[in-house]
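Heads up, the chain below is alone and in the form predicted alone; it's given as structure tokens.
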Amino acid sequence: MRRRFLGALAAGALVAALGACGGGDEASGGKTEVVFSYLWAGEEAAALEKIVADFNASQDKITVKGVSSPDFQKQLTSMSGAQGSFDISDHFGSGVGAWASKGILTPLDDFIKADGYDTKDFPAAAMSQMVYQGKTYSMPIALHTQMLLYNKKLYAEAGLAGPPKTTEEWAEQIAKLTKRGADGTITQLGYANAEINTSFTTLGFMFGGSWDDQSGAATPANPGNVAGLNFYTDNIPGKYGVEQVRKFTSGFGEYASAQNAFYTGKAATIIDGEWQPVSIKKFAPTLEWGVAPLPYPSAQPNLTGTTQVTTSTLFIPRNAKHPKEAWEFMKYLLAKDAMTKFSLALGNLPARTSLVDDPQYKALPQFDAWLGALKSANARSLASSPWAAQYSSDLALAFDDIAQQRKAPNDGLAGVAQKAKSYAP
């Protein structure tokens, strides 16, 4: 499931490549054929093809050929050649800097200037990932924010009235929501990571941390990041024993299935994205659940509304045969009507702030919580940089060491900071 991978990709884990498709030049009737290679598949691809058909029917100069192609290496090969096999594709905001630095993306600034295209409707946290060395190389088609999900039935059983506002309250709730047998075996966890890279980077933001500075340099050992990871270790493995936690979480079912640990009640709270209303409806329709803003440290009320924003983006490769026509199609996808259809079909957030209050999103249960997070002054995102993939990989290793208590958060993140000194500028 593509949506599943967004949090990890926000850290740049798959920056190395994309997928490819067959090419085309001129369609029948004298129309220019634009090849749209996209990573989505299944139901998501079907929804996207409807939008492609709408575009083709809306004008008589361009025919878009959509191809579902999640083969990363083939697409990278195509983008690296003299002439590519596709004109427009999608990726993640974390990969923009890496590709732009390799010279394989077309800058969009001339198109934007020529059309007087207004980018102010796109959140700053998203647009910051689209720019590399002052030029815009991509545009966001969908956004993703992180919120706290909680199991209402388990809360009622624990005598808890509702979700926490502060991290101190959350710590108390985690303890009340965690159950163990007489031998110490865990049978229910008050909190479990949905995906460790996304969960841990979000915890850092929640405690006022930052994973990079304004210049884009990596700052893994930021005190807020350390505090966020200390919160996890203090309240989960440090409290219940890393071996017991490992044993319990090893029995979690697949994320995109009815056996998801949150759906089955094994995890009482998780931090996760806006696709959950659609997934819960599909896999756990009887689940009694709620969503709330991420808690903040009581001493830092200025961090109210903190969330991590990640992006799904559109780009034109440098070797595209028809970049101008690809830009016309990109504008269509980014327009309000197509963006609404697309995001609703995928259960993702629209990339335009003007759509946040659109009543069409009311059909998705509790979706407004994630939508509202887009307007938060504390919406944060990871930098898109040439070294994003290496940084993500180094963080993943450190996060595992920290979760397994092989290293304390301070030591684990200090190790990443040492490695970051060698990242290419």
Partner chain sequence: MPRRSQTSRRQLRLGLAFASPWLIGFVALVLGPIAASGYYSFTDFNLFQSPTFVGVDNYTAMLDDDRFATALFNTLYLTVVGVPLALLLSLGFALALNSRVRGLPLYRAIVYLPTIIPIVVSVYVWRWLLNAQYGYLNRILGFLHLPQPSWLEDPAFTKPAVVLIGLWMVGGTTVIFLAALKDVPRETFEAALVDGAGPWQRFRAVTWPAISPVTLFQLIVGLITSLQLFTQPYLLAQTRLNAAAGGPDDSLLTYGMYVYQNAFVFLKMGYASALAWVLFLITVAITAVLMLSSRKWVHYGQ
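Residue numbers count along the first chain shown, from 1. It should be emphasised that the depicted structure is a prediction, and the values quoted were computed from it without experimental measurement.
The discussion below concerns the form predicted in complex with its partner chain, not included here.
Taking the partner from elsewhere, every residue among M79, G251 and E254 has a non-hydrogen atom within 4.5 angstroms of its partner chain in the predicted bound form. Of the residues I112, I104, I280, L334, just one reaches its partner chain in the predicted bound form with a heavy atom at 4.5 Å or closer; this is I104. Out of the listed residues D368, D400, D60, D54, D400 is the one that sits within 4.5 Å of its partner chain in the predicted bound form by at least one heavy atom.
At the 4.5 Å threshold, heavy atoms of T32 stay clear of its partner chain in the predicted bound form, well away from it. For A47, no non-hydrogen atom is located within 4.5 Å of its partner chain in the predicted bound form, even though that partner is not displayed.
Using a 4.5 Å cutoff between non-hydrogen atoms, K239 does not count as a contact of its partner chain in the predicted bound form.
Its partner chain is not drawn, but in the predicted bound form it has a heavy atom within 4.5 Å of Q390.
Shown alone, this chain has one stretch from 157 to 165, 243 to 251, 286 to 294, 113 to 121 that lies within 4.5 Å of its partner chain in the predicted bound form by heavy atoms: 243 to 251.
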